[in-house]
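Take a look at this single chain, the form predicted on its own, given in structure tokens.
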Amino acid sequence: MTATLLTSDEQLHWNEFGYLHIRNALGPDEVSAILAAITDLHQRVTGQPRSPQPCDDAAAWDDVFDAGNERDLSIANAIAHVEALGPLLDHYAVFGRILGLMGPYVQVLGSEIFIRYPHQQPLVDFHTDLGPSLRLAAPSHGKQIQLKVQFFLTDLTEPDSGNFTIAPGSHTRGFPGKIAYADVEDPVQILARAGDAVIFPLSLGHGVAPNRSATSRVSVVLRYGQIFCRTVDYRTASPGLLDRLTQRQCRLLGDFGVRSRPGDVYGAVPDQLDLIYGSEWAGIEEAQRDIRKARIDQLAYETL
């Protein structure tokens, strides 16, 4: 059992630089299985020889975005298309840190696959993932309203390999909505191995470096938000998807089961903390404090 959600060093690094780099978050077998599933999906949606999988309905590919600039392709609502992504929702190597940064009232608002092709120019200019609404919202009690986790499925150990690139510390400086890659001072390309993950807030300025290697870069991004936030790439998770997930993973996709009331999105649901912290983190001091307070709040809510 872990002794903490987020170490003091991790919290200091997050506060100063605006990201956490978690090395070897996924094991080789996990990377291999996910990458194989994404490769098959990519072949099917780009019109290459199709596998004998179902889902040949063209409507199933409404989530595919290809700008046509030969730089990248993205697939939204990825969790619905790739079964192997389910375990990432609450992966032990990452989820505790998410709870440390956000608290236990969290939901996965969206999931996306990125395939970055070889190209001599920067693949994505610098930007933040904030819109006008989130730009005006401040984290409450130091907890993030939304953040993202990027799981790398191919090696990015050399610069200019389509690397995720950041402006360290920009999450505290009001980084502009969008700026040319070349105009950012001292950008840092993240050198990662397949299986690494990076957690970052939506306020962090970031882009994607040129991919001057001979291979495409593949990654998966999950977007987490407080449970009162609206989802991004789905309205409600499909029953077929929920059937293959654990109870906690279903909750992370907004499923409150047969008991569902409007107040649930503010955390007024009896089993929220027990379910989200689970056996992995329920015993730590921070979780116990949250659980005690939640039970007091729940009693007040139900006796009003």
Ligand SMILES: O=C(O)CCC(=O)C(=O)O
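Don't overthink the numbering: it's just position in the shown sequence, from 1. Bear in mind the structure is a predicted one, so any value in this text is a computation, not a measurement.
As for the form predicted in complex with this ligand, it is not shown, yet the points below apply to it.
- The contact residue chosen from R212, R173, K143, H127 relative to this ligand in the predicted bound form is H127, the criterion being a non-hydrogen atom within 4.5 angstroms.
- Think of it this way: in the predicted bound form, this ligand has a heavy atom of just one of F164, F151, F95, Y224 within 4.5 Å, and the residue is F164.
- Among residues of the shown chain, V208 is one whose heavy atoms approach this ligand to within 4.5 Å in the predicted bound form.
- The candidate stretches are 178 to 186, 225 to 233, 87 to 95, 110 to 118, and the one lying within 4.5 Å of this ligand in the predicted bound form by heavy atoms is 110 to 118.
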